[in-house]
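Taking the form predicted alone, here's one chain by itself in structure tokens.
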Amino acid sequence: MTGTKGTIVKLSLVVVAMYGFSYALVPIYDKFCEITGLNGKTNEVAYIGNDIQKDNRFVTIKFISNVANSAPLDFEPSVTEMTVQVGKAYNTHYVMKNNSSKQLHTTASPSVTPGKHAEYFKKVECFCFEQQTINAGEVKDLGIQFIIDNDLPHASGDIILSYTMFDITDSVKETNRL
């Protein structure tokens, strides 16, 4: 019986460790991208400059989305592609639906591909700057306003803006308990 109890305790600890690690993935991912420069992390606060001049160049922006850890959400861009003028502000949005029967707290992690172009993708407004709260069954439009900096290299091809949406409800509840 001692062997069985020991095994149960060990397996329970493994489950708890796995659960805790899943919440650590977002900050680990962010730190990894910051250190390596991989995955094109975009600005995390609003771009406030007015020094970008319109350019006669155009670039295609493709929008994609992911939901992490099978969260009970639908999350997708309203448009999957836009051709934009370099230096001009554009608006678009993503749509998120809560498919659960409870209120959720979410956060989005953005990235730009190719990563070397992330510094030229300036977000003026973005839902990713703040945590989102979405009620059971609710559908939300999550806006973004962006500008492609005219310092973007001339030989640049398409740029992909990707967001991964994370359900952080349990970690928010844990923080509120403290």
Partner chain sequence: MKRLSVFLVTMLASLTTMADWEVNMPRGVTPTANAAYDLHMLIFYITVVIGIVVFGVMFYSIFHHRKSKGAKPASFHESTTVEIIWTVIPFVILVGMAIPATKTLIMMEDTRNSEITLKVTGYQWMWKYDYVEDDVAFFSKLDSDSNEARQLGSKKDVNKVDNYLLNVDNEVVLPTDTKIRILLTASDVIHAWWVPELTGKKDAIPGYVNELWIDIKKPGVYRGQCTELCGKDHGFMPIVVRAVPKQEYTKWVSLNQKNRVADKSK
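Residue numbers count along the first chain shown, from 1. The structure displayed is predicted, hence computed values, not measured ones.
What comes next is about the form predicted together with the partner chain, which does not appear here.
Peer 1: By the heavy atom within 4.5 Å rule, which residue out of 124, 142, 59, 67 makes contact with the partner chain in the model of the complex?
Peer 2: Going through each option in turn, the one that passes is 67.
Peer 1: Looking at 99, 83, 78, 91, which has any heavy atom no more than 4.5 Å from the partner chain in the model of the complex?
Peer 2: Looking at 99, 83, 78, 91 one by one, just 99 meets the 4.5 Å heavy-atom criterion.
Peer 1: Does the 4.5 Å heavy atom contact test between residue 137 and the partner chain in the model of the complex come out positive?
Peer 2: Because no heavy atom of residue 137 falls inside 4.5 Å of the partner chain in the model of the complex, the answer is no.
Peer 1: Tell me, yes or no, whether residue 169 is in contact with the partner chain in the model of the complex, where a contact means a heavy atom of each within 4.5 Å.
Peer 2: No, residue 169 sits far enough from the partner chain in the model of the complex that none of its heavy atoms falls within 4.5 Å.
Peer 1: So, in the model of the complex, is residue 132 in contact with the partner chain at a 4.5 angstroms heavy atom limit?
Peer 2: No, residue 132 is distant from the partner.
Peer 1: May I ask you to state whether residue 150 is within 4.5 Å of the partner chain in the model of the complex, using heavy atom distances?
Peer 2: Residue 150: no contact with the partner chain in the model of the complex.
Peer 1: Just give me the residues of 111-133, first to last, that have a heavy atom within 4.5 Å of the partner chain in the model of the complex.
Peer 2: 111, 113, 114 sit within 4.5 Å of the partner.
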